[in-house]
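Only one chain is shown below, in structure tokens, and it's the form predicted alone.
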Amino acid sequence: MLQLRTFKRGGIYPPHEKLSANAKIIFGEIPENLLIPVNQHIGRPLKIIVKKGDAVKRGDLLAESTGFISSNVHSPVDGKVLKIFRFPLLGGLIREVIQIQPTEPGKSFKEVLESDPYFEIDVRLLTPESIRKRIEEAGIIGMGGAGFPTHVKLSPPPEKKIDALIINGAECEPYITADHRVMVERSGEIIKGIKILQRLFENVPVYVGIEENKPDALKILDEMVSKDGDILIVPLKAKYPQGGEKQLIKAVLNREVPSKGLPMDVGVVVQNVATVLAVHDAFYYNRPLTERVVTVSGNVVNRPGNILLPVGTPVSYVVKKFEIDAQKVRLLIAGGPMMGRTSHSFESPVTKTTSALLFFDNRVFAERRENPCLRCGSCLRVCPMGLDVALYTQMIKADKIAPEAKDHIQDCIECGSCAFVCPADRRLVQWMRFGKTIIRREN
């Protein structure tokens, strides 16, 4: 193993709380009701192509892309479209959903997946065009949380020469272990998925970044690629937000993505391990992205674990499956505690980007009052982007954003490190998000 790498500027060390790290992935059953969000990606909205009363088969297209930066949505099950309406998603946004009544509720989703035929393919015969087309058709998006359409990310302009592919297995957020378990349990498929992606960039070297608190994943993958000279496993220091693209590129390759820039500007493409697995499944099983592994954890969960669920599964199913006392839940977070979003309904559905569902009671949840800035500089010291968050939030609150500050505000990755260390309990991330909204409206 190599010496642990990390990014240099900023960062914090929150408790890991990887309570489900040793919990093998279990398979849920098909729920009695699925609510499939129409738009689960960053980009152009989809066009719904089904209507109330339609019968659908697993893998059927429900809503299709309307442009290049868009991503299809498919049915995870056989069933019937009950209705199409607006409903609160995890995080609180109200968006269109397609309600499906499954034909076989209660059937093990493992049994459903195992019925899919396996196709032997020769990766060497795949062309870059065919790879991108299949990924686009399968509705694969970034599953690390961003939700950007993967085929777009894998289509840099000709002038952007890609000389490195980084696979993001950092999973730096507390509690979340979904990617960890995928790396341990489906490492062979991940390697096959990597080989497909390599075909896009003339077999460039691949770096798989994994934090040190996942020693089993590091060991398994390192052994698997030991004879493969163009795939290198890179052990990373457990530091937050190591999984941010810019921070990961700095840690692995010591390259600095410029302000307002993208990884392709420094010759790099980054993909999450779960996304790579979805690419594998799209080619070897002809399977669109209709399910994902979700970590279920928190201090009211007696047996934290990881479960593979169809997209559209209501949180209420998870509550019942894990025998969670709903009366004790004071706080539900979709995603990690640092960058996740609080949610208010157990009927909100799991999406392609739902990495975790965290349930907490009053021992963790606390109402905090925002106090005046103490000018301590803590937020500046931990910001991985080197931003003067205290200054920018003052501008935003006063509605007087200086022109020279706008680019810096948009550079914020919303990691929450600043709010984590702020002794005045200032809602720094929320103010930075609000500032971005103001800037977008002005443009």
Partner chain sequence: MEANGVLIMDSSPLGRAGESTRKIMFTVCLTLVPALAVSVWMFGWDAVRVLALTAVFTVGVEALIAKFSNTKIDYLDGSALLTGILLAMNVPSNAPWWMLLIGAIVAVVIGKQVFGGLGQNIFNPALVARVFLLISFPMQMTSWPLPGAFDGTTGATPLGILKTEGIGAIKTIGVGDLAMGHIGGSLGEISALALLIGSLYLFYKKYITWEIPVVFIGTVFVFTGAFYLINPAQYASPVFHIFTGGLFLGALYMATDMVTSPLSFKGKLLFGFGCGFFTALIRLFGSYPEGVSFAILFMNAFVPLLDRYFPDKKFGMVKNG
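Being a predicted model, the structure only gives us computed values, none of them experimental. Numbering follows the first chain given and starts at 1.
The discussion below concerns the form predicted in complex with its partner chain, not included here.
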{"item": "Contact flag, I69 vs its partner chain in the predicted bound form, heavy atom cut 4.5 Å", "value": "no"}
{"item": "Partner contact for P149 in the predicted bound form: its partner chain, 4.5 angstroms, heavy atom", "value": "no"}
{"item": "Interface membership of Q327, its partner chain in the predicted bound form, 4.5 Å heavy atom rule", "value": "yes"}
{"item": "Any non-hydrogen atom of G106 within 4.5 angstroms of its partner chain in the predicted bound form", "value": "no"}
{"item": "Residue (of I42, I26, L391, I48) lying close to its partner chain in the predicted bound form, criterion heavy atoms within 4.5 Å", "value": "L391"}
{"item": "Contact residue in the predicted bound form, chosen from I233, L332, L154, A138 - any heavy atom within 4.5 Å of its partner chain", "value": "L332"}
{"item": "4.5 Å heavy atom contact with its partner chain in the predicted bound form for all of V269, N306 and K406", "value": "no"}
{"item": "Contact segment among 346-354, 298-306, 277-285, 190-198, judged by heavy atoms lying within 4.5 Å of its partner chain in the predicted bound form", "value": "346-354"}
